[in-house]
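Quick setup: one chain, the form predicted alone, written in C-alpha cells, and binding and motion questions come after.
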Amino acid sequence: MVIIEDILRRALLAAVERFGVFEEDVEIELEKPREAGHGDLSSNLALMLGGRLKRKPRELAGEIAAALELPRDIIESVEIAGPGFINFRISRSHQIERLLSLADPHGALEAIRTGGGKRINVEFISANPTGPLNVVSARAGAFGMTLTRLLDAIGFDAHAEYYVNDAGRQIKLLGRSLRAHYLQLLGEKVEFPENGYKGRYLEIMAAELLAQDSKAIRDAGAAFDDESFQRIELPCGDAKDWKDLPEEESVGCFAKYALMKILGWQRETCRRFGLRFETWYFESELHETRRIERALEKLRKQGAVYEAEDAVWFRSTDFGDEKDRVLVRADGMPTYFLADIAYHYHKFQRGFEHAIDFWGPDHHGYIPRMQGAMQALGVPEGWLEIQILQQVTFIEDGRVLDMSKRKGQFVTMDALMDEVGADVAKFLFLMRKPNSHLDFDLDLARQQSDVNPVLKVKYAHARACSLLRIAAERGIEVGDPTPGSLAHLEDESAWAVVRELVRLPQVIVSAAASREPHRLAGYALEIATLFNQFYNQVKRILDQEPERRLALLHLTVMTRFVLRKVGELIGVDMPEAMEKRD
C-alpha cells in the first residue's frame, strides 16, 4: 500500500538537497491544513528553513514546489499558501484507493504496523489499595488504556500494568482502622488510630464481617480465584478469631482482608470502565523476593550510592537532580524511592524493551532521579519514559466544585460512572492533551443530545447504521465498496468525509508516537460533524438514481467502519441505534 506521507517526505527531501539540506538536518512534518480549501496535506518546511537559509519562506516554498518530482496520478496539484506553506491536493482516484485500503486486511492499517512486536510496558494506575479508585485514576485509565491499544495498532506488543502499593505503613493503618471499626461494632471501647481511615466503606466492611463473618471472608477471596491475584491468600480463621490474636498479628489479618476486599472493588471498577491489565504487580512482592535489596546491592557495585548521616543515599545529582536522595533511612527502612527503583528495574529484567509511566503533576521532580537510577543500573538511556497527567477540575452550573465538601459525591470512579456513564467520562477525559489541565463539565456530560461530544459521535454511527438498515429493508443490495461505485461520488460534502476518513492511519500513528490519545477523540468528532453535514445536505439518499445512491451508501459503509475502529481504540461503544433527545 502506498503511504502518501512517505512519498511527499522523500520528494521534499530530494528538493531541498539543492540548498544543502539533508535528511539528518530536518524533520519534515505533514499536517492537515486548517482550511479545507487549502488541500489535503500541508508542509511548513519552507518556514522552518527560511531563517537558516536566509531566504523569504514564501519564495523558498515556491522554489521547493517547482523542484518536486511527484506522481501526478496521486498528487493532483501543489500550491503555496500564506507565509510559505506548501499544500498538496491528492487526486480523487487515489483518495478512493486510500479509502478502500482501510478495510483491506493487508491495506493501510496493516502497513502502519511497524513496531515489530517490540515489548512496551505501560503503567497508568498506581494506587494505594486503601479505598475505592478516584477520578484521577479514571483520567489515567482513559489515557493509558487508549495508548496501549494505539501501540498495539502500530505493531508493538503493549502490556498494560497496574501497580499495587500494598506494602508499608498505609496498609498497616488500613488494618488498624478496620479492626477499630469492627471492635466498636462489638461494643468495645477502642481508641481509633491517629490519621486512620474513617470512610463509610470501612464501616460497611466491618458490618459485613460482623454479620456474615466467614461468608464475607470467602466472598472477598472469591474475587482472587483467577489470573494475577492468585498469589494472595486469605488470612486464617474468622474475624472473631483475628480480634483475639496479639495486636500486630490481629492488625495483619484485618489488613489482608481489607486489602483483598478493596482490590476486588478496584478490579471490578476497572472492568466496568473498560480497562484490562495483563499484570497487577504487587509492591509486597518486591520485599518478599528481596528485589529491593538486590537492586540496592547493584547500585553499590556501580558506585552510585554512599552513606551519610546513618542513611544510604543515591547520587541523583549526577543525573540532573537538584539533590541526592535517601534510599535507606537511618532506621534501616527502605524508602519508597528504592522500592520504585527495584520495581522499574524488574520491568527491564522481565524483558520489556521500553517502559511508559503516567504520573501526576506533582511528580515532575521525581523524573530525573528515577531515570538516573535506571541508567545507574545499566538500563539504556531513554528506556523509561514518563508522561505527566494533569489534574481534573469538575464544573457544575458554571462553578468549580470543591470536591472535599461534597461528601464523596463524584470523588470515586464508580460515582462518576453512575452519574454520566463510562463512555461519556472516557471521551471527555480524552478531549484535552494529557499534560493539559482539564475542566470536566458535568452539565455537558449529563446532556442526552448531540451537544454532548461522545453522543454526537454515537449518533453519527447510529445514523449510518440506520441508513444501511433501511436500505436492506427496501431490498437495496449494498455489498462492499469498490473503486467503480465510489467514482460516482459527486457532492463536495461527501468528498469532505472521504478526505477525513482516509486520515485514520495517520491519526493512529501520530497519536501513538506523540503519546496523545486525545487526537482520536478530536478525529471522531470531526468525522461525526462532516458525516452529519453530508447526510443533511444530500437529501433523500435512498431515492437517488442507482449509481449515485450506491456511491453514497458505500461512503456510509466506510464511515461506519472508521467510527467503529476509533471506538475500539478509545474503548467507547458505537451503538447501531439510539433514541435522540433534545
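Think of the rigid core as the biggest set of C-alphas that the two forms share within 1.5 Å after superposition. Keep in mind the model is a prediction, meaning the values are calculated, not measured. Throughout, we count residues from 1 along the sequence that is shown.
Note that the form predicted in complex with the RNA isn't included here; everything after this is about it.
Practice prompt. Please pick, from 204, 308, 211, 186, the one residue with any non-hydrogen atom lying within 4.5 angstroms of the RNA in the predicted bound form.
Written response: Here the answer is residue option 308.
Practice prompt. Could you spot which one of 319, 313, 383, 224 gets a heavy atom to within 4.5 Å of the RNA in the predicted bound form?
Written response: Comparing distances to the RNA in the predicted bound form, the residue within 4.5 Å is 313.
Practice prompt. Tell me, yes or no, whether residue 38 is in contact with the RNA in the predicted bound form, where a contact means a heavy atom of each within 4.5 Å.
Written response: Yes, contact at 4.5 Å.
Item to complete: Evaluate residue 290 for contact with the RNA in the predicted bound form, applying a 4.5 angstroms cut-off between non-hydrogen atoms, and reply yes or no.
Response: So residue 290 does not count as contacting the RNA.
Worksheet item: Using 4.5 Å between non-hydrogen atoms, is residue 267 touching the RNA in the predicted bound form?
Response: Residue 267 lies outside the contact set for the RNA.
Worksheet item: Does residue 578 make contact with the RNA in the predicted bound form, using a 4.5 Å heavy atom cut-off?
Response: Judged by the heavy-atom cut-off of 4.5 Å, residue 578 is in contact with the RNA in the predicted bound form.
Worksheet item: Among 105-113, 154-162, 258-266, 77-85, which stretch has residues with heavy atoms no more than 4.5 Å from the RNA in the predicted bound form?
Response: Flagged stretch: 77-85.
Item to complete: Note that the RNA is not shown here; using its position in the predicted bound form, name the residues of 377-391 with a heavy atom within 4.5 Å of it, in sequence order.
Response: Going through 377-391 in order - heavy atoms within 4.5 Å of the RNA in the predicted bound form - the hits are 390, 391.
Discussion item. Superposing on the rigid core, is the Cα displacement of residue 85 between the shown form and the other one 2 Å or more?
Written reply: After core superposition, the displacement of the residue 85 C-alpha between the shown form and the other one reaches the 2 Å mark, so yes.
Worksheet entry | residue 56 C-alpha relocation of at least 2 Å between the shown form and the other one, rigid core basis | It does, since the residue 56 C-alpha is displaced 2 Å or more between the shown form and the other one after the core fit.
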